[in-house]
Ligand code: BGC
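In the form predicted on its own, a lone chain appears below as structure tokens.
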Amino acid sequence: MSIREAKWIKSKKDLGEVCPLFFAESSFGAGIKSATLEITALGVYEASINGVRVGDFILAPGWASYARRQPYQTYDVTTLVREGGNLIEVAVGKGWRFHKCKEWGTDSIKPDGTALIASLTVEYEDGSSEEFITDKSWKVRASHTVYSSIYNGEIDDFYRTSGEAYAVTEFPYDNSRLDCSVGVPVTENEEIGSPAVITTPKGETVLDFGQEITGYVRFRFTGFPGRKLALQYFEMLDRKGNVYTKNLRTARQRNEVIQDGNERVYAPRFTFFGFRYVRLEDWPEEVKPENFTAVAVYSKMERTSEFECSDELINKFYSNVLRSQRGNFLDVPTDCPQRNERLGWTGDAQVFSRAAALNYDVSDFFKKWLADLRLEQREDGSVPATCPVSRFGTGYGSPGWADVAVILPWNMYLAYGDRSFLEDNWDMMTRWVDYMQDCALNKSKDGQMSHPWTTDGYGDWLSLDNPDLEAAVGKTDKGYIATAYFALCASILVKAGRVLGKDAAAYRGMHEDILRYFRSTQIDGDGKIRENTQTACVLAIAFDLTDDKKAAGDQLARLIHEAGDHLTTGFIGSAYLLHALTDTGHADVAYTLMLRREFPSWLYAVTKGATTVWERWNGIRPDGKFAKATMNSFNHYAYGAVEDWLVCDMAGLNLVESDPGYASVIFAPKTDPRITHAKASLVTARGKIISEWTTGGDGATEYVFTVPEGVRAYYTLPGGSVQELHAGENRIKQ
């Protein structure tokens, strides 16, 4: 037997908002060899056997495309099960499945309320086995968690008694949806203790943990029976130093505890918060910093890269990118961890995917998410803007967002050399590109493909070339962006087809057709891009849409200079901006943008004390005012995509597309006199690769390239040809 033969159970009594605690006792004989628990829930669960928590997965079973698959986990619980009686307890919270936010209404997936299914299998030394499953023999009672919400927080009441036990009821739920969970569990990964204690001008007591965190606070208290204490989580103090929560929108981000008078070390278990600060309300005793520890929770990923250079603000920015990735890679790649959103926006993941794979091993993380993306793709091939799909932000077919279906598998294949990224997703990739072609043909009056295939979508989100700096959509024509991504995806299919041995001739012809259209309608005879914006030039260069990259690069550099030597790009353009400049002979302009401290720039937020990447260039304006509260996250990784330029261009560590997974590397640093040192390292399946350079007082630069055994390595320095390197440390002075 297995979990598929177990029964789904729920409380026969309506417990309202209270989280149910399912429990049962089982008895096992002597000579236990092993014990395995398979378990999942509608909602999120926390299980224990004989009072000891099972596993370390926070918010299990995670967030998936619940309408199509139900993940479950398998735990080795041999050390928890004993001969004789065993008490199994499982508390189930609302989780993502049953979230409620004011403007969202009730989630569309609500089959029968929180429920549980589990199977405990015990194997004995004599070869026999015994299984204990969820069925009508289980009982349920109200847990001490009387309210839980991913967005609003949690209320725990320790003063109330545990209450009477109620019967459970079995109910039919499609067990064919059960899916042995892949991916990476969400775990407690960091602890930040001893916060600063602040008294605001309004007299409120606030804890400052010194950095943005996704997670919660674990704290010690005694308190008084029946009295309530509360923690309000938030990101920013306002200009006067008071609590600022407007940018949370309707998310309450609040944790309340009703005390019973006993000393406790407590943390919420069915929610998470995005925060740096915590306001304490009705605190029952002296506030001691040592009694509070912020716990950072995110998918358990191995760190793979390191970067440093001679500019300390850039180093802080790099750390901020890492922290934003950790804070938003919580089972799905969310946009932000604090407000009433926290969705797996496909556009954010698309632009950041190259940097993500440098920073951490995200192979299994993205395999899981891509599995859900395949399930969320519509029959016509269109791809959603968020995955898993939610009632908020569920538009389909937005250029730059939906293209994640092609770009992400390709980028992961290049990073890890794992063909399964292309094999598993080939159908999704081709169906998306076919959808774009169908849309283009449907617009045609003469049977010829019509471009652009759409003028809808999010455009160059949050760019600064719109005169209204609070506007969301930039100036670059959406149809232009649609055509550019159409061409890129078609070209990727040609390359992916070559890897898999697929016939991609149709996509080769499609790509050539798009290029002919683009070059005849979007580029002047002198090579100038007619859509005269920074992002338009960037896409023409980065996606190989122009056969005169020098002219497009000169135009881009000129637009930057005319803007006051600053960028105006948004989510789409910024990801490729510095690469486009560097690849067209304007590395000095790329350095100018990267080193810029003033608004707008990557380092501007750092000068304002940011410890993560902001959603907007103007999250805090130069005058100290906040941007529009309706969309102003201070932990939003999309603009951190530039970090791959730091590693690949400044430090010069690059993979070779024809030999992916860093089986071959090419070192190609782009130096600048404003930076005297840069170093990047990357842990790969073949060993640690290091690229480092230092410019001395005499103007000479020494390069040190470290190559693992078995890796083919080459280097090219400014003004030089490509040269081969040997395994080990290579020192070159120029």
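Quantities reported herein were computed from a predicted structural model and do not represent experimental measurements. Note that residue numbering begins at 1 and tracks the sequence as displayed.
Omitted from view is the form predicted together with this ligand, to which the following refers.
- Although the partner is absent here, R339 lies within 4.5 Å of this ligand in the predicted complex, judged by heavy atoms.
- Proximity of E615 to this ligand in the predicted complex falls within the 4.5 Å heavy atom cutoff.
- Within 4.5 Å of some heavy atom of this ligand in the predicted complex lies at least one heavy atom of H636.
- In the predicted complex, this ligand lies within 4.5 Å of some heavy atom of M631.
- This chain is displayed without this ligand, yet in the predicted complex the stretch 454-462 from 454-462, 123-131, 178-186, 213-221 comes within 4.5 Å of it by heavy atoms.
- Checking D335, D477, D260, D372 against this ligand in the predicted complex, a heavy atom within 4.5 Å turns up for just one residue: D335.
- Only one of F365, F270, Y298, W345 comes within 4.5 Å of this ligand in the predicted complex through a heavy atom, and that residue is W345.
- Residues are counted as partner-facing when one of their heavy atoms sits within 4.5 Å of this ligand in the predicted complex; in 400-424 only W401 qualifies.
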